[in-house]
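The data below hold one chain only, encoded as structure tokens and taken in the form predicted on its own.
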């Protein structure tokens, strides 16, 4: 059934608006977004869909394919650790800015695995914002929608995320990567190769960005930037960045080294992608994972094993993707080798699933 039909089945009437938004995979550029750096995400085939109707009262009712029992919420109490915090927070923003006035009935469906590092939360929030704004106006650009979605997570949900996820799901397409400067929001869409594919696999380990470890890394980056007398780590001068970073105490030296080198890797990866040098791109992916493992310390031993095996089995490069501490990894594989590669990986790691 369509999302509109699912809504009608649950609520007994047609929705007044609906929207589908894809998830995203970050090809390279992890934890650079809130440090003013470069990122290079693209969308994935899986997505989040929402259908929305207006309620007769001030209450918000949420149901989903995964959570079929209706839950009723008051917009005055957004954060209570429930799965419906995210859609409720989106409506809190819409009410604050005059796009929605009463309660709502909402049905949500998604084939994006939650806690996988594929931005299911950003896709859900962006889908609600786009659906309502398109209905009630005034219109917002995709960049403005992305900024609003980030505001929803930062202010209403207390997740100190950057802007990458929201920009990626709002702007990118499945056949292009989004080269984004997260400070200026200047972006370029780069065509993806036809003879290679970025294959996403879920490690089987789920994580939550609001559980604390993500926030700790951000705080460490902010402390490192303060010690280096810059507002953001990616404001460092290219010629002296590494020399200055090496003067920091641990763990701040490691955190800053990852952010700066990752920022530089994204610039190199964009050049490699545009020139068709996929071997160079793959090498940068593998270097990125090593940096996340050793300097930013957000990987896990089992994911390290998966990434190493992915390359040994023929991938040009592989890396953890997303906030870390679980979720997905992405590998660059020749198009004609994907089936055999996936079979070999599944045999070695039965717990993984391909997205």
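Positions refer to the first chain, counted from 1. Note that the structure is a prediction, hence the values are computed from the model and not measured.
The discussion below concerns the form predicted in complex with alpha-D-galactopyranose, not included here.
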query: Contact assignment for alpha-D-galactopyranose in the predicted complex, among 132, 108, 270, 163, heavy atom within 4.5 Å; finding: 163
query: In the predicted complex, the residue from 325, 329, 34, 60 that sits within 4.5 Å of alpha-D-galactopyranose by heavy atoms; finding: 34
query: Distance check, residue 214 to alpha-D-galactopyranose in the predicted complex, heavy atom within 4.5 Å; finding: yes
query: is_contact(residue 53, alpha-D-galactopyranose) in the predicted complex, heavy atom dist at most 4.5 Å; finding: no
query: Contact test in the predicted complex: residue 41 vs alpha-D-galactopyranose, heavy atoms, 4.5 Å; finding: no
query: Stretch in contact, per heavy atom within 4.5 angstroms of alpha-D-galactopyranose in the predicted complex, of 329-337, 21-29, 8-16, 343-351; finding: 21-29
